[in-house]
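A single chain comes next, written as structure tokens; it is the form predicted on its own.
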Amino acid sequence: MYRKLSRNLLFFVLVVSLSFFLNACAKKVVQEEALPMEEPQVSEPMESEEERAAREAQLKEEELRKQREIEEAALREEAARRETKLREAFENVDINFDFDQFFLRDDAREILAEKTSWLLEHADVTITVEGHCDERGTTEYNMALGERRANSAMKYLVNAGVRADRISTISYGEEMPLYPGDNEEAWAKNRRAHFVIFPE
């Protein structure tokens, strides 16, 4: 009986000990799993003084380049506007003639001198000189007079240095009056040579 009791007691002690042991192991595993994994710390390399200066110089150079591009674009745009105005002025300023005449007046020569300067600066431009008359006279006579007026303007330009192959002439006679009216004011404005730049 004593032996049986000792055996039971020993068995009980073993079971309790085993239970404590397993319980302790389980807590340790849970605690270990609960701990977050620490990522390895990667230290960024320190930027040297020379590298920092080089980086700042590169950024400054990039800003300067962008500023230059903006300024150059603005200059090109302004130059294009000026060129457009000069072309419009070239085409919109006519020379006028006295009644039944094709000889150049002093005011016509001044205008032609300005047109010559522009044409010499723009060697790739070609033009047409149109001769016009007022409504008086026959159609045939005015066509011939308009041609003589266009040729007078062309002759001045060629003598001033513009190549003849850059200039063509045409006469419209009385067919295309610029100003309507049967009075001297309208007639004086319609006796003209008009200049047209060929499309590029």
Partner chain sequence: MKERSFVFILAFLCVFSFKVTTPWAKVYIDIESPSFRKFPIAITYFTNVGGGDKKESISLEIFGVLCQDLEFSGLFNLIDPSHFIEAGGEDPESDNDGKIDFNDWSIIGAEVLIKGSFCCNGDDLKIEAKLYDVFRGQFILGKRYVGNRQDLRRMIHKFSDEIMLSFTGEKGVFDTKIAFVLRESTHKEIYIMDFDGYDMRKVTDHRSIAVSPTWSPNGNKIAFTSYKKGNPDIYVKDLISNKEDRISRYGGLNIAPAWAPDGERMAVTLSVNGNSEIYLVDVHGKKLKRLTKNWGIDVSPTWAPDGKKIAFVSNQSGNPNIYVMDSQGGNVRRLTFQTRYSVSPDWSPRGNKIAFCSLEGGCFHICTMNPDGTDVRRLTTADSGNNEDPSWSPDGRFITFTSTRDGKKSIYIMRTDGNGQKRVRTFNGRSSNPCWSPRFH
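Numbering follows the first chain given and starts at 1. All of these numbers come straight from a predicted model, not from anything done at the bench.
The protein also exists as the form predicted together with its partner chain; that form is not presented, and the subsequent description refers to it.
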Please tell me whether any heavy atom belonging to residue 140 falls inside 4.5 Å of a heavy atom of its partner chain, as the geometry stands in the predicted complex. yes
Going by a heavy atom distance of 4.5 Å, is residue 136 a contact of its partner chain in the predicted complex? yes
Would you classify residue 170 as touching its partner chain in the predicted complex, given a 4.5 Å non-hydrogen atom cut-off? yes
Touches its partner chain in the predicted complex: residue 154 (any heavy atom, 4.5 Å): no
Interface stretch in the predicted complex with its partner chain - options 66-74, 145-153, 53-61, 160-168, non-hydrogen atom within 4.5 Å: 145-153
